[in-house]
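In the form predicted alone, a lone chain appears below as structure tokens.
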């Protein structure tokens, strides 16, 4: 099992397959995608490199891989990527985080490829606010995609909501009413400061602690986390079909339960979302017989993993925007 000096074990990999995104969310890429890192770095990860990554992490004890971007669906070979990861011996769960672009017509091919879970970003249930945040008038398309995913029997469906004071800060009641009859997990995520959004962050950050105290006061109970779960604290209520999750990176001891590593779309290992830079693994991804060498190298690098992201001190590391590593 990959581990660090603080006793944390890493059973969960967030694997970015592109940093391209076709949305322009105000908290992430307000001016749209401007990068060209794939071309500058020899292209985004190829399918054979992705297979080798999955095999090495599975050998080292990883059981869950989340496919992220950018927006992973901009890759035409996404179903092949899902299948390759899912067919890796030892990998038990393959999930994806997506903005939902053309989701109703794409989700079936992902499920057929072996997808186990879907995380969909819906930052507002108000069509005009959704458009103001994302730059797209596609809310109904995403809601239709959710219904289709549910009809296909997808086991795990989560909706991500980045809380922003001047956009959706007054919509918690609306979200709670919506999830009352939806068998999914709705996750409120604290807005995080990155290298290019300090002013936006200062205007819009909403503490998840206030939402947590409201939930507890209204009879919600905190659920136990599984070993391969992400950072969310989850809550359930006897009167609600759905759950509520809270991701609060500014909360005390947030990093103590860290169980995930990240690989960028150009093959760099990131020990933290807010690390200063990635560690290039590309040369160790070219052949299947490099698996043991890759595992040993990653374990050596983990000896330098910090105890915390230090985000609470305003240290955003090398993360200029969330699309570069999929959050």
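None of the values given here were measured: they were computed from a predicted structure. Positions refer to the first chain, counted from 1.
What comes next is about the form predicted together with a small molecule, which is not displayed.
Taking the partner from the other structure, the small molecule in the predicted bound form has no heavy atom within 4.5 Å of any heavy atom of residue 244. Heavy atoms of residue 204 never reach within 4.5 Å of the small molecule in the predicted bound form, leaving it off the interface. At the 4.5 Å threshold, heavy atoms of residue 54 stay clear of the small molecule in the predicted bound form, well away from it. The small molecule in the predicted bound form is approached by residue 191, whose closest heavy atom lies within 4.5 angstroms of it. Put simply, of 251, 171, 233, 97 only one has a heavy atom within 4.5 Å of the small molecule in the predicted bound form, and it is 97. The partner is not drawn, yet in the predicted bound form one stretch among 174 to 182, 83 to 91, 208 to 216, 157 to 165 has residues with heavy atoms inside 4.5 Å of the small molecule: 157 to 165.
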